[in-house]
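Encoded as structure tokens, the following chain is the form predicted alone, with no partner shown.
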Amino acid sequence: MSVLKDRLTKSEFVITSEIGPPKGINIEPHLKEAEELKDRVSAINVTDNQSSVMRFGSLATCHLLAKRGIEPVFQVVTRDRNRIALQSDLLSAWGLGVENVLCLTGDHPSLGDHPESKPVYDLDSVQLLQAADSLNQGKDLVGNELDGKPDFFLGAVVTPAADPLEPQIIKMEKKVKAGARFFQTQAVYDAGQFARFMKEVAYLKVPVLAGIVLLKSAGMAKFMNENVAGVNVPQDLIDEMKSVSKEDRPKKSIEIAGRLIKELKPLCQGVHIMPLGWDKYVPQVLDAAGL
């Protein structure tokens, strides 16, 4: 059984993190970073051509993590593959020891390093969940019987700071009906706002892991506020990042992330840490949070 599933089922406070595979074949440093977190987290997400940038494959990386005894979460986006390929990759994932799947739509190719590439989007994230859940039931998306079936622990994403919030809640409800059994959120920086969101979705009775993105600078915070939908970094946190020298930014970022996790812990079932290249600081964030 998936460790992530087991711990969430037991209502334990869960910590997940993530790695982004390299643009090339030098995967070993990323696996070593994951190994350093092995005893601190329940599972590690592997991004799927994050930000529409072509990279080493998520599925292959998940398999390499599983071989090292590290539980992966296979992120799957619908941007790059049609429904046949998506289902085939999911079956392959189970055969390679992957039990957790996070279903996403994925950023448009125009935002990445191959802007001329054609987006697929044959399915959306809700339909991908339906397809994966159907595989769990022993049938493909059109009802054909499978010769052996997987038992994926399926997850999805939600944006707690979206404005308006109602469309997010409606889609979250659809995802639960489609098979989502846990959620990881977009970056959270305002505990009060997150508390209101959690109150609104309590009726769904599904575990939510609050997203923690490490702030690297005040400029990064402002950029996210202006360009990333559903991210709201309060001015006081921006001012905190401004107040320190470049050399002290990692220390301040760790302090802020640790404080946020302490504030969010009573409100949710876990946290999902997205270090965005600052993987080496994740253990210090967990220490700062008392985890």
Partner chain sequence: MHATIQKPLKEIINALSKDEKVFVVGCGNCAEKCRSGGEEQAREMKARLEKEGVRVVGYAATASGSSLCKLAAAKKLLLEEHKEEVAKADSFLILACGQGIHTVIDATGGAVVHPGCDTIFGGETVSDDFITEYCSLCGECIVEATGGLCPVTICSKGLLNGPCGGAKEGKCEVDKEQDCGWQLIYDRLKELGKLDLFRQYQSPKNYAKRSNPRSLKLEEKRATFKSLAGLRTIGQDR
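Keep in mind that this is a model prediction, so the values were computed, not measured. Numbering follows the first chain given and starts at 1.
There is another form of the same protein, the form predicted in complex with its partner chain; it is not shown, and what comes next is about it.
- Task: Have a look at 148-156, 86-94, 210-218, 116-124 and name the one stretch with heavy atoms inside 4.5 Å of its partner chain in the model of the complex.
- Result: Comparing against its partner chain in the model of the complex, the contact stretch is 116-124.
- How about residue 108: is it within 4.5 Å of its partner chain in the model of the complex, going by heavy atoms? Contact check for residue 108: yes, within 4.5 Å of its partner chain in the model of the complex.
- Message: Given that its partner chain is not shown alongside this chain, does residue 171 nevertheless sit within 4.5 Å of it in the model of the complex, heavy atom to heavy atom?
- Response: Yes.
- Message: If we define contact as a non-hydrogen atom of the residue within 4.5 angstroms of the partner, is residue 176 a contact of its partner chain in the model of the complex?
- Response: Because no heavy atom of residue 176 falls inside 4.5 Å of its partner chain in the model of the complex, the answer is no.
- Item | Non-hydrogen atom contact residue 192 with its partner chain in the model of the complex at 4.5 angstroms | Looking in the model of the complex, residue contacts with its partner chain do not include residue 192, since no heavy atom lies within 4.5 Å.
- Between 202-229 and its partner chain in the model of the complex, list the residues on our side with a heavy atom within 4.5 Å. Counting only heavy atoms within 4.5 Å of its partner chain in the model of the complex, the contacting residues of 202-229 are 224, 225, 226, 227, 228, 229.
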